[in-house]
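Take a look at this single chain in structure tokens; it is the form predicted on its own.
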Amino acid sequence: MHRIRIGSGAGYSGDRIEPAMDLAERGGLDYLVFECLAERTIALAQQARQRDPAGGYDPLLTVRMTAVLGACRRNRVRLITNMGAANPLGAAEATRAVARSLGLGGLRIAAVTGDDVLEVARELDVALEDGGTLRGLGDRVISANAYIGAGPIVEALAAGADVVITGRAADPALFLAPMIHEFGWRMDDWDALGRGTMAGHLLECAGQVTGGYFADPGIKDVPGLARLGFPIGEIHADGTLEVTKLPGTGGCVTPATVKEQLLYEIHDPARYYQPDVVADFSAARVEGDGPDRVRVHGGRGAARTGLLKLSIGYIDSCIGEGQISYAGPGAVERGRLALDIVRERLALIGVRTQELQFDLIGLDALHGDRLSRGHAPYEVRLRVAGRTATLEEAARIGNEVETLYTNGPAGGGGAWKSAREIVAVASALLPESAVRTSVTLLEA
């Protein structure tokens, strides 16, 4: 095959669906990829699965599959996604149910499992990036998932899967896998894998490379953001990429949007560590090739390290929060008085906190009181948030804000409060030999 066309259907878990539907229907695609898993998302999904063993996959999976599966089947587009999150098998079963409801008999759905390595990580007591070991986190650990590479996705495609659903696969690997499958790249052809990873990195955040994240009115204007088209990558057998989008959609694809995305979340462009390769973007060339079309070539790669990154989710602490609004003349002064009252009350009743934050939102929440001084809006919203060791202690913070209704300055309204656990993420490394992946194929 001379080239393949891969569309990016989502850049994060809650992304829009209409651009993906447009791509599936008229994109002339070979593959449609939904990248929906951020660092903390997998830990939150593990918590969801603990509450419901049948859950733990992306909450929008059924909506997305219902929206695009029919068009993908009609147009021979294969779908790859990490929407399996903590439960790829459950996600595959849910997708099979959608396919049957749409009359798509015979659709083959693959679930890639094996990224959940909590027990292995516990046995090895892996070292954490910021110091200490997994054992030091005690019973606060929720999950440990390895960033797996393209290998098992390629295996699923070779087995004939129309839909491949993974858990914590590395984002670029979702795009690299179909290139390996279609072009027959060897898993030690480091330059090819490096170029494919560069293409995957450019496409993985969907609308960011078509101008969404680029837009800055008056400085970098982007047309039609409400109708932003998601990117299509045309990849040639040598790994050269052309980024484009569908005619008639909003946004833009220019050398500038592509260069910004190339550097997005990159520490060292010459050493971008991935499970399949250490990619090198330092010699990349980005050239305009017509309206909304940019050509990217020149990437390279070096041998992978043999280590996989782990994303370890754990309960760090709890957060309690309360908000209330003040409007009209003197709103700022009343808001500041309210803050003083809550500050004194928390001390009087002995709320134990590790960290406290007092803001008047819209006045000083972003840059603090010193830089924001001199502006007095008509209305302000007070926010007090604190980090605590327990949910019970966290709840006391919001309660004190709520009592301002009758015990604080005049005219407070719209109080809101919450108390919740804070899920944090730690990173570690694990030998890839300790991770065993497998592919399960279902048929609708």
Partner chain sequence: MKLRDIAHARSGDKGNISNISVIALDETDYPFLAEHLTAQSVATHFQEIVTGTVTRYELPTLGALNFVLTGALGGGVTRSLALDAHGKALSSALLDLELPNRNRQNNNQYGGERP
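Bear in mind that the values here come from a model prediction, so they are computed numbers and not experimental data. Residue numbers count along the first chain shown, from 1.
The same protein also has a form predicted in complex with the partner chain, omitted here; what follows describes it.
Novice: With a cut-off of 4.5 Å between heavy atoms, is P255 one of the residues that contacts the partner chain in the predicted complex?
Specialist: Looking in the predicted complex, residue contacts with the partner chain include P255, since a heavy atom lies within 4.5 Å.
Novice: Is there any non-hydrogen atom of L348 lying within 4.5 Å of the partner chain in the predicted complex?
Specialist: Result no; L348 lies far from the partner chain in the predicted complex.
Novice: Should E182 be counted as a contact of the partner chain in the predicted complex, where contact means heavy atoms within 4.5 Å?
Specialist: No - in the predicted complex, heavy atoms of E182 and the partner chain never come within 4.5 Å of each other.
Novice: D292 versus the partner chain, in the predicted complex: is there a non-hydrogen atom within 4.5 Å?
Specialist: Result yes; D292 sits at the interface with the partner chain in the predicted complex.
Novice: Can you tell me which of 339-347, 228-236, 247-255, 160-168 lies within 4.5 Å of the partner chain in the predicted complex, counting heavy atoms only?
Specialist: Contact-bearing stretch, as computed: 247-255.
Novice: So, E265, D369 and G386: all three within 4.5 Å of the partner chain in the predicted complex by heavy atoms, or not?
Specialist: Yes: each residue has a heavy atom within 4.5 Å of the partner.
Novice: Taking the partner chain in the predicted complex as the reference, which of P223, G138, G131, G328 has a non-hydrogen atom within 4.5 Å?
Specialist: The residue in contact is P223.
Novice: Within 4.5 Å, heavy atoms only, which of E119, E333, D216, D125 is in contact with the partner chain in the predicted complex?
Specialist: Among E119, E333, D216, D125, a heavy atom within 4.5 Å of the partner chain in the predicted complex occurs only for D216.
Novice: Where, within 317-334, is there a heavy atom within 4.5 Å of the partner chain in the predicted complex? Residue list please.
Specialist: Only I319 sits within 4.5 Å of the partner.
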